[in-house]
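Single chain ahead, by itself, as structure tokens, in the form predicted alone.
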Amino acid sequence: MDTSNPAILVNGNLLPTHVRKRVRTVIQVLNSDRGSVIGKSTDDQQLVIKGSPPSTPLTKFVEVIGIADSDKSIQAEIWTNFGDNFDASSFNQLCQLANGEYQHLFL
């Protein structure tokens, strides 16, 4: 695993604290067009994912790694389909741990 350029785990509420940093999150895809995807974060925030999604169809839940370019948008570098079932509550708990007292374990 490449650890030279880590991405911070975020949900919608944590994204504004990491603008201009490399982040990773999971969204539920709401709408997709050629240059962006509108998604709902696991804590029910609407996010805009900029950049062209992969040529394969997106599943309901997608992990995105990229640069947070505003408090509600990410410029995507990597897209990973996570399927049609995803435990949003567990991911939110993971985001809290990764940005709290256990941050040193994640970066």
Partner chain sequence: MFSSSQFDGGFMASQSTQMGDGTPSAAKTRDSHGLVPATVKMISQASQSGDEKSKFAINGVDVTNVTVVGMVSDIVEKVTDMGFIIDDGTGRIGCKRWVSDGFDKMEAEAIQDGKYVRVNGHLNSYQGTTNLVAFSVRPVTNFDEVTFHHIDCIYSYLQNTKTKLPQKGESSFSTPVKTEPNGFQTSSMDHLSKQYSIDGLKDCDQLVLECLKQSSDMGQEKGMHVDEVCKHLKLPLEKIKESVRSLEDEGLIYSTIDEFHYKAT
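Positions refer to the first chain, counted from 1. Bear in mind that the values here come from a model prediction, so they are computed numbers and not experimental data.
The same protein also exists as the form predicted together with its partner chain; that form is not shown, yet it is the one meant from here on.
Among heavy atoms of Gln93, some come within 4.5 Å of its partner chain in the model of the complex. Looking at Ile65, you'd find a heavy atom of it within 4.5 angstroms of its partner chain in the model of the complex.
In the model of the complex, its partner chain stays beyond 4.5 Å of every heavy atom belonging to His18.
Proximity of Ser52 to its partner chain in the model of the complex falls outside the 4.5 Å heavy atom cutoff.
Using a 4.5 Å cut-off on any heavy atom, the residues of 90 to 107 that reach its partner chain in the model of the complex are, in sequence order, Ser90, Phe91, Gln93, Leu94, Leu97, Tyr102, His104, Leu105, Phe106, Leu107.
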